[in-house]
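The chain below stands alone and is given in structure tokens; this is the form predicted alone.
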């Protein structure tokens, strides 16, 4: 079995590495190769500063194909479709064997910053290597090959023809809402009801028309057939992915190395709001930032000193004007501390006493009581926050953010089904594109 890893073929101006895999599958079908499983769409550490969009790398595993012809075609695809020279450093690797060192490299790529030198060293273990630019794409390509998905979802990505890539994507909100409700909870992040916004479609000039994410392939095919798509599309592919799993936030942050992702746990030490609706607090001496667009700032402002929380996010590098902080992606309230207030005592008539003056005790405005009494301590019930998990509003979700509806669902592996890949250029099981 050959594992093909591809990364960094896109740029902010267009293209998408998943589209290159879509074109690769056309070739594999024509060559009668055996595609072993759904192609993998692996979202790597989202805090890498030079990433393009979702920092996704791709892997597809195949058998029964001539490796020389395969490699020649991969080079052709890179030369033809990759956005070389536009902050893109594409790379492709082919591995026939994957060892523990490659798998560990893949695991680290989810939450930390890896050096290009590590990518070059591990590339020596590959059967074939081809890259352009500075070799940055080798990191993602190798990481995709070595990925082990402890939890996974699926995504159907539908593609536009090149002459449509600058046009606005048009979908009916009513259709998307109807599809979302009909497939809940087995698809996710289709629509943001808080902001009345479609989440299926990207906004750039890349060839992706839409992406539908869910728990299993059949539901994705059912979902796209519920949408009225007026634009003629080139086809679609279903990918297996780590999207929606919080895969980058599973390790505890031990050091404040910039761009590291993970979580920390402890009690709130200080808390203060910032102009613009942002909120900052400290845990174990680590400053945490909660930004207003995430929808979590209102939650953070309800915390008090002593609350025990776990927060996940990424470490932002210090700048001239700002210190190093953890940008918060979720807040899990583990234990709320009691808020205690000391109040004036209650009169025997049931009314709260007022001060009678300095060193004069208390007086009651409803009866004739005057005298001294002990002040009382009361615990204020905290009704504005609960001991539970809080995540961002859907429009602020990253590709890896785990939606609330996915908690409690178990990932399942599914075999390739009819219709997992549809292209107007080749005939495959499942027929033509009919969405």
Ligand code: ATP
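Numbering follows the first chain given and starts at 1. Remember, it's a predicted structure, so these values are computed and weren't measured experimentally.
Only in words, not in the display: the form predicted together with the ligand, which the text now covers.
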query	finding
4.5 angstroms heavy atom contact with the ligand in the predicted complex for residue 403	no
Non-hydrogen atom contact residue 54 with the ligand in the predicted complex at 4.5 angstroms	yes
Non-hydrogen atom contact residue 250 with the ligand in the predicted complex at 4.5 angstroms	no
Residue 397, heavy atom within 4.5 angstroms of the ligand in the predicted complex	no
Segment that reaches the ligand in the predicted complex - one of 355-363, 161-169, 222-230, 108-116, heavy atoms within 4.5 Å	108-116
Selected contact from 327, 136, 332, 246, since only one has a non-hydrogen atom within 4.5 angstroms of the ligand in the predicted complex	136
The unique member of 28, 48, 409, 385 whose heavy atoms fall within 4.5 Å of the ligand in the predicted complex	48
